[in-house]
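Next up is one chain by itself, shown in structure tokens, the form predicted alone.
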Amino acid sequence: MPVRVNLELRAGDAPKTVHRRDVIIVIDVLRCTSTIITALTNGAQAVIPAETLKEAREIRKMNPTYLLAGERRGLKPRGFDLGNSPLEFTREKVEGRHIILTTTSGTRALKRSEGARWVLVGALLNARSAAHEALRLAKDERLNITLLTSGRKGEFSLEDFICAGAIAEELKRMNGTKFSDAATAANLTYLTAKDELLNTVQGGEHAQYLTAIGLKGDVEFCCQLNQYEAVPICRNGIIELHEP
């Protein structure tokens, strides 16, 4: 039977995806999943997602050598080592380190997906690789796939929807998938936007906000398509690098 590709639009939709036992690809283009992919590609040993600032600080208290990273309203919280800009996570800063990461939406989606057997980290940066790995796992274990967009403060996110469509496009090129209507809609949106990907994303509310607070470079970086082959996997509350 073909692998069904589903789409859920908010972090709060994660529990029903876990209940379906799907292979989940968590997407938060601006910027959580882009940052995780970049950090691990640059040699970080692991990323530990935390849903709240309190939880992140408690993990740090128990592990004082871990880097504390994240954002609220796009900015680095008081006392944190790093924010949530992928450009900060250079090899010089993160190689060999564990990173505790808390963000407004992305880490919430990751935490709420923890009951699933397979939780992959996806973004525009690794869309092709994430699609290939998700389909391999789904076929091997006779599961379906859900593209879980984190959204923005519980609402629809343009850039995440486009990214889901980019991953769907890669899945469409492989044999053995069928799409939900929502996944089809995301794919059609991506096909409309793909030749002006950066400009389209820059028209979204969150990209405009990040640009207004001086983070235009993050938006530009996160809109690069298929720059990395790495597919991070979240298991038992820890995200580590997985090379397909």
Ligand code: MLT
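Quick note: we count residues from 1 along the sequence shown, nothing fancier. It should be emphasised that the depicted structure is a prediction, and the values quoted were computed from it without experimental measurement.
If you look for the form predicted together with this ligand, you will not find it shown, but the lines that follow are about it.
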| query | finding |
| --- | --- |
| This ligand in the model of the complex: contacting segment from 46-54, 24-32, 197-205, 176-184, heavy atom within 4.5 Å | 24-32 |
| Non-hydrogen atom contact L40 with this ligand in the model of the complex at 4.5 angstroms | no |
| 4.5 Å heavy atom contact, N84 to this ligand in the model of the complex | yes |
| Contact of L67 with this ligand in the model of the complex (heavy atom, 4.5 Å) | no |
| G122: touches this ligand in the model of the complex, heavy atom cutoff 4.5 angstroms | no |
| Contacts with this ligand in the model of the complex - residues in 48-77 whose heavy atoms fall within 4.5 Å | E71, G74 |
